[in-house]
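Take a look at this single chain in structure tokens; it is the form predicted alone.
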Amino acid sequence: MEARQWVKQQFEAAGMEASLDGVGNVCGRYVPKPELEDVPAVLIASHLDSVPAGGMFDGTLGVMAGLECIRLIQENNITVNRPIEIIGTSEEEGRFGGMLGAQALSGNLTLEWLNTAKDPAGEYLKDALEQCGFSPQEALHARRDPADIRAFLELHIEQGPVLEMNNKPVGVVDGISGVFKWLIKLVGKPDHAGTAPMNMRSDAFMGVADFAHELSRIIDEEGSEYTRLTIGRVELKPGFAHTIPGEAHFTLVGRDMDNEVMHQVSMSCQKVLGAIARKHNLKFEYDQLSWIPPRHFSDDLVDTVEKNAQELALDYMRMPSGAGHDCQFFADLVPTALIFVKSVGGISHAPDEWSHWDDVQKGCDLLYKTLLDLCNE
């Protein structure tokens, strides 16, 4: 919340109308002339949160790049014929499932979900909102009317190795992988690690280990070249060195560019987990925290970004995104585009996340040129 207040102050210092909405999205609106107030605006948005111990570029770069576009327009007295809004979204990393800020803006929230969503530790989203001075009811009022939006643009680091592998500073993204997130529980029987024979155990961790070994086979049989399956968090109970784990709670995140492939992969995961549970005499259950279908962006706007990359003589590539981003919630509502900046070593969500500043500038130049095209079409 301190960071959001700081960004709000930066928007105000740039002469923008600045506010926080009902989920903590920081909004800065630039209207060049009063008579343009009701003209559909161009939105530039990305997120301000990252994972614990994350890097400095993930999300925040896109918000600061949008603010720099406004500063350039003002400093150079550039004529624009649309309002421009810069938004720093909240809770993109999905501790409660989904991407709260973007879902609120695009109308993809329900009061039932806001009241029942909780994180893997059991904290409810509604309680976290209230601690920050918000409420589930206020969250629903953050929705924007698509008729008021000309286009949605986002600049983001790639967070992967593809651009670096191909020696390209920027990427023109034409779609985003879908993602599902599960919280899985395997329940066996805690027992003494020294006295319980190996063939008489109901070891919950062995279920996790067996499932982890099956992921590559599931992808080979049911997935595609874009499929990803990740076990990112495991908690064993009771968690003592000399006690056989009686429970294993773990997350599974699946991704693909095709919604049908995602369903096939998820069904296969259920079958494999059921078989493993029977093998180790375990009970198996899971909660689906979120299911976000893949999104394909507007061909016209992506073509415009690509044209601008060519006119700027940028060495770029057209590519999909394996990671989810705020812009995916707007792809079915308004023309949407995403620009990637190369990540050194493909590293992200880590303290040594880095993008070279000359690559950052190329991405920002491409964002700026595309913004001006949209504002003066």
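Note that the structure is a prediction, hence the values are computed from the model and not measured. We number the residues from 1 along the sequence you see.
Beyond what is shown, the protein has a form predicted in complex with another copy of the chain; the following relates to that form.
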- Task: Consider Arg82 of the chain shown here, and say whether it contacts another copy of the chain in the predicted bound form, taking contact as heavy atoms within 4.5 Å.
- Result: no
- Message: Residue-level contact is defined here as any heavy atom of the residue lying within 4.5 Å of another copy of the chain in the predicted bound form; does His242 satisfy this criterion?
- Response: yes
- Quick one: is Val208 in contact with another copy of the chain in the predicted bound form, heavy atoms, 4.5 Å cut-off? yes
- Using heavy atoms and a 4.5 Å limit, would one call Gln288 a contact residue for another copy of the chain in the predicted bound form? no
- Testing 69-77, 120-128, 176-184, 297-305 against another copy of the chain in the predicted bound form with a 4.5 Å heavy atom criterion leaves exactly one stretch, namely 176-184
- Would Glu158, His213 and Ala323 all count as contacting another copy of the chain in the predicted bound form, using a 4.5 Å heavy atom cut-off? yes
- Ok, Cys132, Ala275, Val253, Leu140: which has a heavy atom sitting within 4.5 Å of another copy of the chain in the predicted bound form? Val253
- Sort through Met165, Met267, Ala147, Leu111 and report the residue having a heavy atom within 4.5 Å of another copy of the chain in the predicted bound form. Met165
- Message: With another copy of the chain taken in the predicted bound form, which residues across 217-235 come within 4.5 angstroms through any non-hydrogen atom?
- Response: Ile219, Thr227, Arg228, Leu229, Thr230, Ile231, Gly232, Arg233, Val234
